[in-house]
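There is one chain below, alone, in structure tokens, taken in the form predicted on its own.
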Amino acid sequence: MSSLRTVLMLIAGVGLLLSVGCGGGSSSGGSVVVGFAQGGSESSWREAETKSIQDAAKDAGYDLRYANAEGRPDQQVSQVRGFIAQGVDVIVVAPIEKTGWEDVLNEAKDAGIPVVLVDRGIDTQDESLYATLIASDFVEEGRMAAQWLVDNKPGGARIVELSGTPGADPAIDRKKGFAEIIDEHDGFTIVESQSALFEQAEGKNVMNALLLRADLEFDVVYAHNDDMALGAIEAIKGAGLDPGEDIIVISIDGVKAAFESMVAGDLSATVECNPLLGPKVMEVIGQLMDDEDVPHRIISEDKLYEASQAAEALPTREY
């Protein structure tokens, strides 16, 4: 009799283990738990990206846990470490900076938690630390902005560059792509490059200071994002100059406010960088949960819009 009881207990134990092992979604009764480490909320583009991911997670039935580092890299690493401690199923990161990720992503790897990077990449010797990067080609965006300038101002230009957050992937790559094109053409020179942190208020502040410099002459502003460009336009108008005429302003992101500025004749062109990454992120997470292979790099397609296209395109803008 005792041996029969032992066998029954063993069978019950195996059944319990199987039921636990097949449950899925470690901490919410079967739902996939996603930790989303957002870098900040410095721009309307960033806010649109956050909303897209939150909405798509809800539509997919996933449990999304959200953390916003508000532009502080150390805080973002700590938030990712917190997601690891919670035992989430997947971590989505929009990195503030390219560096400083090796240790915490190794911790995620050791815990068996896949990491999906969105909109910005990282520098690492071990690319297995993340499952995929879903982002635009920032170098190509810079090239598109520069090519528009070369085509539309063939006599050359003295350019002020408003760059993004130092060390950020888009700031580095948009600068690189822009320089690649203008360096191939005589008469185009970047006379000043300053960071305005991807922020509209800082774009205005930096441009105000540059306009006061007697030693600096320029007729083009190239901004790494629309928010800085819109701030620069405020400053240009405040100085009694005409953006679009006295100073050409071009930028990247393609937010709705940029299209409104083009319709008004202030912004001359913007390169779209689509922030609505949520559906693709959730699709990839589903593939990872099913142990499917995913591409290590998924590129979002972008295009350039100029002022002449703005009025027609404006009603269709979602962000």
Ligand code: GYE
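Just so it is clear, the model here is predicted, and its values are computed rather than measured. Don't overthink the numbering: it's just position in the shown sequence, from 1.
This protein has a second form, the form predicted in complex with beta-D-fucofuranose (GYE), left out of what is shown; the following refers to that one.
Residue contact with beta-D-fucofuranose (GYE) in the predicted complex: Asp119 places a heavy atom within 4.5 Å of it. The closest heavy atom approach of Trp45 to beta-D-fucofuranose (GYE) in the predicted complex falls within 4.5 Å. In the predicted complex, no heavy atom of Ala269 sits within 4.5 Å of beta-D-fucofuranose (GYE). Interface residue remark: Tyr222 is not counted as part of the site for beta-D-fucofuranose (GYE) in the predicted complex, having no heavy atom within 4.5 Å. Checked against beta-D-fucofuranose (GYE) in the predicted complex, the candidates Met262, Ala57, Cys273, Val32 yield a single residue with a heavy atom inside 4.5 Å, and that residue is Cys273.
Taking a 4.5 Å heavy atom cutoff to beta-D-fucofuranose (GYE) in the predicted complex, the contact residue among Pro243, Gly177, Gly231, Pro170 is Pro170. Contact annotation: beta-D-fucofuranose (GYE) lies within 4.5 Å of heavy atoms from the stretch 119-127 in the predicted complex, the single such stretch among 144-152, 80-88, 207-215, 119-127. Contacts with beta-D-fucofuranose (GYE) in the predicted complex, taken as any heavy atom within 4.5 Å, map within 189-205 to Phe198 alone.
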